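Coming up is one lone chain in structure tokens, specifically the form predicted on its own.
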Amino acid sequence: MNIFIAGLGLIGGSFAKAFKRHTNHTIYGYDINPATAQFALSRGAIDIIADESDLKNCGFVVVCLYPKATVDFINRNAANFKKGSVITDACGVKGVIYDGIENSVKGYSLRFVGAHPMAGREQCGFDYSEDELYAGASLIVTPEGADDEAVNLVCEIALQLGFGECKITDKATHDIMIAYTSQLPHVLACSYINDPLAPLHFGYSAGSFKDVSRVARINAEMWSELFLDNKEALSQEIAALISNLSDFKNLIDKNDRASLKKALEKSRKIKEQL
């Protein structure tokens, strides 16, 4: 099968490399930067440097762009996709994607199956892409009315590429859960690293500092878009975190060791259960 990958950064580049490592599909690679596509070709990650006209030749399309760019790409090419082809994406938000392409999906009967690979790195760009980035990872799939054949194809290909499972859910649940499991930790890490003591940590820090601050090495362009595209769910999670922090602060301010101990034991038990 001919596979079209739009966007050859960390995520799209890793998809391309995984396809080449694990399958015999022919990979069409498209990137807005011609040098990136040329480099991907030279490294054997893609078979053909593509432009949007090549969509008509491909039965499976993976759009690995930022949310707004994903919506623009699908809408712009709604009439260009090969009839019957399956289109998926890799965005970390789903509501704005489905809302943005709704007219194209209905008007052109597009077989779109939203997806989100739960894998990544702090670095971005094709240079950091890996053929095993998705090994054992979860692929969240949001069918939202897509036909079973299309959904099954997305999941079958995911397993071919090394994903550990396909997690089927709806777009609303995806965005709520991702606000908690992915976006909130990035907000927390950035808030934590903004403390004026951070530059003085050398010699005073070990694993805890590294664990909390790791994802503060952030792609500001991408994450600012993701945060705002999921602002309602993320804002609720930030409020919950502030409330929990305030509870701990109050117990410490009151010197209430008994209650503080209970709160810490509760957290430990929850973590152990998880």
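Worth saying up front: this structure is predicted, and the values here are computed from it rather than measured. When you see a residue number, it is the position in the sequence shown, counting from 1.
Below: the form predicted together with a further copy of the same chain, not depicted.
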Assert contact residue (a further copy of the same chain, in the predicted bound form, non-hydrogen atom within 4.5 Å, options Asn152, Asn103, Ser109, Thr181) equals Thr181
Quiz item: According to a 4.5 angstroms non-hydrogen atom cut-off, is Thr26 in contact with a further copy of the same chain in the predicted bound form?
Solution: no
Do Lys167 and a further copy of the same chain come within 4.5 Å of each other in the predicted bound form, heavy atoms counted? yes
Just to confirm, Thr36 within 4.5 Å of a further copy of the same chain in the predicted bound form by heavy atoms? no
ask   = Any chance Ile176 has a heavy atom within 4.5 Å of a further copy of the same chain in the predicted bound form?
value = yes
Of 90-98, 75-83, 153-161, 181-189, the segment with heavy atoms within 4.5 Å of a further copy of the same chain in the predicted bound form is residues 181-189
Contact check, 217-234 vs a further copy of the same chain in the predicted bound form, heavy atom within 4.5 Å, ordered by sequence, gives Arg217, Ile218, Ala220, Glu221, Trp223, Ser224, Glu225, Phe227, Leu228, Lys231, Leu234
